[in-house]
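In the block that follows, a single chain appears as structure tokens, in the form predicted alone.
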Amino acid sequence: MYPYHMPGHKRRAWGELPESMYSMDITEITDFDNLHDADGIIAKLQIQAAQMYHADESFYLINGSTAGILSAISCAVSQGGRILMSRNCHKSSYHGAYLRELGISYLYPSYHEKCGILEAISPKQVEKALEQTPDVQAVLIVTPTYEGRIADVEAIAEIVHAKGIPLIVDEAHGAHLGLAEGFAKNSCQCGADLVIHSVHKTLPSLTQTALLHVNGNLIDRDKLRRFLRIYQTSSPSYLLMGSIDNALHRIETQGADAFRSFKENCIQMMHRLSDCKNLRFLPMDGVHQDFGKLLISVRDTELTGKQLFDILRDRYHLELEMAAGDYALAMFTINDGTEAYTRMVQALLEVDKSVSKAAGFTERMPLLDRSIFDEVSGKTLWEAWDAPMEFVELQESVGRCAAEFVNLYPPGIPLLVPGELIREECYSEIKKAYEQGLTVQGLSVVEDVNGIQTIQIKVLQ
């Protein structure tokens, strides 16, 4: 068939990209179905995905997990309603609350003192919060967390369902869960109503690919489809959909061996890293800490997470996922070969020998602590984000209310949400992150005529 239709490249190479890529980039032509009204091959693939993840129904996402989060929040909570969500949710969750003008009640994760990370939300935290906020229409948690901490979703789902409301799980970093023995169950298997998976994060699929699963009878499926059409492009990429199909098909046919090798490699790596004297690691047990998330803590050493990140990149040519003040994070998947584990172990053993304990180390105030971050302006997120604002120098922001999100990226978890009071501790943490060279979004660097730079932040007038 000659393509007298879109896309404009007409399946022929243009410029430097390979022709094979163009040849697969089609549109909704005859016999190739339509993502937004699937009744052919895409419908069949979505049914297969649902069976694989033990979901009632699954949807391909080509606008990433972001589209799934926005759609899930929008269909589960009415306009102007209230959602209970963990404070360490990705910024897309806050965008969903903003778009639907929602009130937000927060679940504040506990703090892992030894490594300086946030834990997963516990069932007791959810139960207590629901008792205090009876008007909540849905609960949203994230598991595994960006650092790999896994929540007890089964227990949380029982608590949430006892209130007659749905549980949404941002499981973007858990698309590999529940697909093989020895790995934690995925949240569909644990009873969650809406589950979002980033297929590209932990499985071999192209960037921007994801899945949204729905279960039970608490979710209006027609309403969910409406919001999927709103938040996803009307010209879905067949390259991206094809990569989801390719990844899931390979798992279905070769996944058992791939996951077995993956788990064994992670366990062997952790065993070898136990020789380190200064660097710390969270054990990958598959229950509390997800396989594939190597968290390297530099607490009590002379290094910062960013310095370790730079050493591994510049000296050993290892590009990690992210760096924070007290740790760095490396990710492994079923598509890593033995070289990935060997090089990482050799590098970390060498680094461990070259660093020493830090003198006079003091415990830092944890970010996202309830006593530091709170909605105190009297405005909801959506009211504060649209309210009159002004720029002030960062050091002058203490005591003012944020008018813009401030977050480290990655992971994209807001340190400040519009409407929250900027306390002294919060200012210190943001300033320290900036000085350590971490990517802090939501700040502006202004240079005067003399070349002197100042850091500014948006606050409510």
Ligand SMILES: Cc1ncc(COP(=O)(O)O)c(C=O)c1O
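If you're wondering where the values come from, they're calculated on a predicted model, not measured in any experiment. Residue numbers here begin at 1 and follow the sequence given.
In what follows, reference is made to the form predicted in complex with the named molecule, a form of this protein that is not presented.
> Which one of Ser397, Thr66, Asn407, Gln46 is close to the named molecule in the predicted bound form, taking close to mean a heavy atom within 4.5 Å?
Replying inline: Only one listed residue qualifies here, and that residue is Thr66.
>> Going by heavy atom distances of 4.5 angstroms or less, which of Thr304, Ser74, Asn186, Ser198 would be at the interface with the named molecule in the predicted bound form?
In response: Comparing distances to the named molecule in the predicted bound form, the residue within 4.5 Å is Ser198.
> Among 327 to 335, 294 to 302, 381 to 389, 84 to 92, which stretch has residues whose heavy atoms lie within 4.5 Å of the named molecule in the predicted bound form?
Replying inline: The contacting stretch here is 84 to 92.
> Is there a heavy atom of Tyr146 no more than 4.5 Å from a heavy atom of the named molecule in the predicted bound form?
Replying inline: Tyr146: yes, in contact with the named molecule in the predicted bound form.
>> Residue-level question: is Asp170 within 4.5 Å of the named molecule in the predicted bound form, judged on heavy atoms?
In response: Output for Asp170 is yes: heavy atoms within 4.5 Å of the named molecule.
> Any of the heavy atoms of Val142 lying within 4.5 Å of the named molecule in the predicted bound form?
Replying inline: Taking the distances in the predicted bound form, the answer for Val142 is yes, it comes within 4.5 Å of the named molecule.
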